[in-house]
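Okay, here we've got a single chain as structure tokens, the form predicted on its own, with questions on binding and movement later.
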């Protein structure tokens, strides 16, 4: 056995990978340099950056019910939620304040995993740099709102599964309500006592 054959084999592997990188595209393991911002690589569907809040049809139909689970589960504690109240002081199922400090957010996605109402998800938007870091990186509820159509566009697989599950739950709820109404109308009425 010749001394140094392992080094030669390793160098040949490196040379082969180096030469192959000029003939393959970036998605095939080739050259990874992309002339950003003129050219961009497409984000993966599960790419995650900063969170956003989801709403159905109009921003008033916010999915978030201000349960505060995402804020409690957030490791850096960058989510701040205050529940909304009506004129009589009763709590409503929506947040009056929903703030996320993007200077603290570490893009972990735990808020998305913890949300039982499918209301918060990780966005693909990453170009949010600006000169005013202290004020522009604190996102309020209205800044975080994005529609379900937007979610279907950036993550079609997840959005389709969630929409199907929500439709199925809504149909079960309607069927249960119809069953209760039917049972109430078909139930025999007690006869009034005879005097």
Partner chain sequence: MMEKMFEVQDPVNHDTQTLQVNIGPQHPSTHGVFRMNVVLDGETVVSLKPVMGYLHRNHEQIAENISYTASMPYTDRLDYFNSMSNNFAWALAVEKLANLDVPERAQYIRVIMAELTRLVNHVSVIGFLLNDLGAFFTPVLYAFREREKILDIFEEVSGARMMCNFLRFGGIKRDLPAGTLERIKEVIQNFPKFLDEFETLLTKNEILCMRCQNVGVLPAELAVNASITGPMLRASGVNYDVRKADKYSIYDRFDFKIPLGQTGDVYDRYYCRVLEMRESLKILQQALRDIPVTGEIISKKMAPFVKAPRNFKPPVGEAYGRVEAPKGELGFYVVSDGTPQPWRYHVRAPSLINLTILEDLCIGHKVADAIVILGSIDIVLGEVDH
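Residue numbers count along the first chain shown, from 1. If you superpose the two forms and keep the largest set of C-alpha atoms that fall within 1.5 Å, you have the rigid core. As the structure is a computational prediction, the values presented were derived from the model and not from experiment.
The protein also exists as the form predicted together with the partner chain; that form is not presented, and the subsequent description refers to it.
Not one of 37, 93 and 131 is positioned with any heavy atom within 4.5 Å of the partner chain in the predicted complex. Mapping the unseen interface onto this chain, residue 115 counts among the residues with a heavy atom inside 4.5 Å of the partner chain in the predicted complex. Although the partner is absent here, residue 14 is a contact residue: one of its heavy atoms lies within 4.5 angstroms of the partner chain in the predicted complex. Residue 153 falls outside the set of residues with a heavy atom inside 4.5 Å of the partner chain in the predicted complex.
Of the heavy atoms in residue 167, none are within 4.5 Å of the partner chain in the predicted complex.
If you take 45-75 and check each residue for a heavy atom within 4.5 Å of the partner chain in the predicted complex, you get 46, 47, 48, 72, 73, 75, in sequence order.
Once you line up the core between this form and the one not shown, the Cα of residue 9 ends up 2 Å or more from where it was. In the core-superposed comparison between this form and the one not shown, residue 19 has its Cα shifted by at least 2 Å.
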